[in-house]
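Next up: a single chain in structure tokens, the form predicted alone.
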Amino acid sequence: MQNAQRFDRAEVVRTLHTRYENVYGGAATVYGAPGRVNLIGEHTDYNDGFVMPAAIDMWTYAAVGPRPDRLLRVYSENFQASVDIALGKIAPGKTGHWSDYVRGVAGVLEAHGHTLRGANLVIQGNVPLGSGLSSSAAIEVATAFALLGNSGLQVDRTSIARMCQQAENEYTGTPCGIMDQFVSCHGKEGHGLMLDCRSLDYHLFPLPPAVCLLICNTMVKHELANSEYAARRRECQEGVRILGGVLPGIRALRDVGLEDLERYKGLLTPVVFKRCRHVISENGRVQEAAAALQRADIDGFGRFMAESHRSLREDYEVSCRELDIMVNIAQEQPEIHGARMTGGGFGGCTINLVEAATAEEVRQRIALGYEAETGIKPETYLCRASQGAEQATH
């Protein structure tokens, strides 16, 4: 079992200033952006629905200073490598290099009319790569804040989130929604963020200070994840197409109620019906979970998490043996208020709401239990809901 490396934020900022001075000379300004975990609301984003992520206290930082030319010179502390990017020659497309995220953000910012000044950058982060905690959004948002700040440009946070999403779509080939970048920009310490993925309206809901976030990485990612994700999207679209014939004006499953779904069940195949039922019921769960947080009912929130996992397992069929084992072990712990898979499914992580006073002991019990049952040593991360992107001080 392993806990994520915990960065002292003030120390990391001091280190980045020193590294920048050693690599480039001169002073730098440091900007940071957090990763995220989704508390509830899975596979609803591409159906114009509701999600409730939280920014987490794992961050990516970018130290930046101006250059006299139109070049970005980027050094990654994590990869111990550097790359040069000519601002006038950026074009969409994936290379598979870690710098695609930086290149993409710069390219999209310029494509939207934000002329950037050349910059030297040092980038460092502790969001675990490939864990489903959105290290990609963290580097995108930190880079955007750094490049805009270095160029003296003011852009609102929602626009930054949109452009970072576009960068990931066009420069890394990942067809992600806007949730990750949005909460990395708009997160608030100690709060979950309920986002309407259609309007981008959002509301912040307080998490009890006595509860922290325990993220458990199953360490598996089954090969069928990408193809099955695409299949689920097609099945949802098929549901909208068929239901649109009897429910004029619907644009997405967001616009369909459970009563309407049951009424016209006979028009749908059993599989498409189950996919629709998950999305429609999950949208309702997100809103009910938000109401539970508003009245400080963390156990009620946990019940909606359990219902979400059941629906993802049985109706959307995106869970797997390892995720179910991890969730089952967590649900047996009396200090856990709620547990569910988080992310696209077929492996990846679970999210658990755990009493902070006993979180370390519970973390170890879950990790040992999972390893005993699967033979796989998981990674586990204890987190708090964090502030969104900001300029760092030292």
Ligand code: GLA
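Take the two forms, find the largest set of C-alpha atoms that superpose within 1.5 Å, and that set is the rigid core. Residues carry their position along the shown sequence, with the first being 1. Predicted model only: the values in this text are computed from it and were never measured.
In what follows, reference is made to the form predicted in complex with the named molecule, a form of this protein that is not presented.
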*With the partner left out of view, is L147 within 4.5 angstroms of the named molecule in the predicted bound form by any non-hydrogen atom?*
no
_I'd like to know whether L293 contacts the named molecule in the predicted bound form, with contact meaning heavy atoms within 4.5 angstroms._
no
*Is P66 close to the named molecule in the predicted bound form, meaning a heavy atom pair under 4.5 Å apart or at it?*
no
_the named molecule contact at Y202 in the predicted bound form, heavy atom, 4.5 Å_ = no
_Please identify, from 327-335, 44-52, 358-366, 23-31, the stretch that has a heavy atom within 4.5 Å of the named molecule in the predicted bound form._
44-52
*Only one of V108, M179, C320, V240 comes within 4.5 Å of the named molecule in the predicted bound form by heavy atoms, so just point that one out.*
M179
*Of Y264, Y75, W98, Y229, which one comes within 4.5 Å of the named molecule in the predicted bound form, counting heavy atoms only?*
Y229
*What are the residues of 325-344, in order along the chain, with a heavy atom within 4.5 Å of the named molecule in the predicted bound form?*
G343, G344
_Shift of R285 between this form and the one not shown at or above 2 Å (CA, core fit)_ = no
